[in-house]
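Consider the single chain below, provided in structure tokens and representing the form predicted alone.
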């Protein structure tokens, strides 16, 4: 059995049942890179504090650089794996690395390093989808389609305007990942098990050496704080909620009933029974994964809500939801980006649907109001004469393109406004890339 990092007072070995319950190596080995990075920084910090000689530091740093990423093995967690490999390479001197450090501040540091990278990755992925949508918006700034409220046709908009609605959501999503990173950008290393380290460590310098903005201010909080993880899950859940809404729209747009668009062959599936089917599996999976991520968030908050200070073993269960969510974002969102880029529009059908008399009713009421009639009276008159709406449309010269052009206030669906907004979004995405 691999040497444990604890157990001197225990006479017997842990039960295999306990080990199956307790050990986390099967999933927390994903933190290997972060664990090695934190160990390198800690080795240098304790060498500065006089714990390690130059030769001991060189031996530890050289060995840490040679440790291979884990595959399988009989280890309690990733920390015991790294330490065991260190012992294999340099012998008893490996034991000095843990001086003044606990697995509590070690795993908190590993996780924050991991979260900073996960947020950075999410920011890039979300920005890429926003760029694709903004590009389509520019291309389709003047492509009319029906807009909907209550799942009923309401007023004409353009497909470009529809694209930009999701760009706005993704811009907010990006900002949430950015602000979560800013709040979580503090280093727990040096908090020890809960009371701080007894060594004369410059914790601010240690934090900066790992790329953090600062050290955390309280050791009890440092080892138990998982706010960054919760914020990552929240930002991910809301972002996936947004792309789920987009997926639902696209499922309808590409349905046989609407037929406003067709999915690219490379991003659709068929049926083993019905040869005519072209199924929106990517879009349906977007809805499903959004639901699962919301569950991950609520489960995570439930995990945290009853924990006393400081570290508790419950926190071992914080990692798998994070790992699963990062994998979903890394695969699902790029797939949606490819789908949006390859979407084929039936512009004639979209224009015909957007130009139906029912969708022009509001513009007729506006035209009547422009003559001086109170809008409420105009609204009533149009609603009472829907059967004769065609004559009112002709009488007041209402056209689809004219309707769209008049929605020219900031944020409106007028094609010129859509082009302006799409160019601004593309410029913003370019500046941040």
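Residue numbers count along the first chain shown, from 1. What you are looking at is a predicted structure, and each value in this text was computed from that prediction instead of being measured.
The protein also exists as the form predicted in complex with ligand ARG; that form is not presented, and the subsequent description refers to it.
Chemist: Only one of 162, 311, 289, 81 has a non-hydrogen atom within 4.5 angstroms of ligand ARG in the predicted complex; which is it?
Modeler: Contact check passes for 311.
Chemist: Looking at 316, 153, 255, 99, which is the one with a non-hydrogen atom within 4.5 Å of ligand ARG in the predicted complex?
Modeler: So the residue touching ligand ARG in the predicted complex, by this definition, is 316.
Chemist: Hey, in the predicted complex, does residue 107 get a heavy atom within 4.5 angstroms of ligand ARG?
Modeler: The answer is yes: residue 107 has a heavy atom within 4.5 Å of ligand ARG.
Chemist: Contact between residue 77 and ligand ARG in the predicted complex at 4.5 Å, heavy atoms?
Modeler: So residue 77 counts as contacting ligand ARG.
Chemist: Does at least one non-hydrogen atom of residue 103 fall within 4.5 angstroms of ligand ARG in the predicted complex?
Modeler: Within the cut-off, so yes.
Chemist: Just to confirm the contact call: exactly one of 368-376, 396-404, 48-56, 23-31 touches ligand ARG in the predicted complex at a 4.5 Å heavy atom cutoff, so which is it?
Modeler: That would be 23-31.
Chemist: Within 346-371, which residues have a heavy atom closer than or equal to 4.5 Å from ligand ARG in the predicted complex?
Modeler: Sequence-ordered list is empty.
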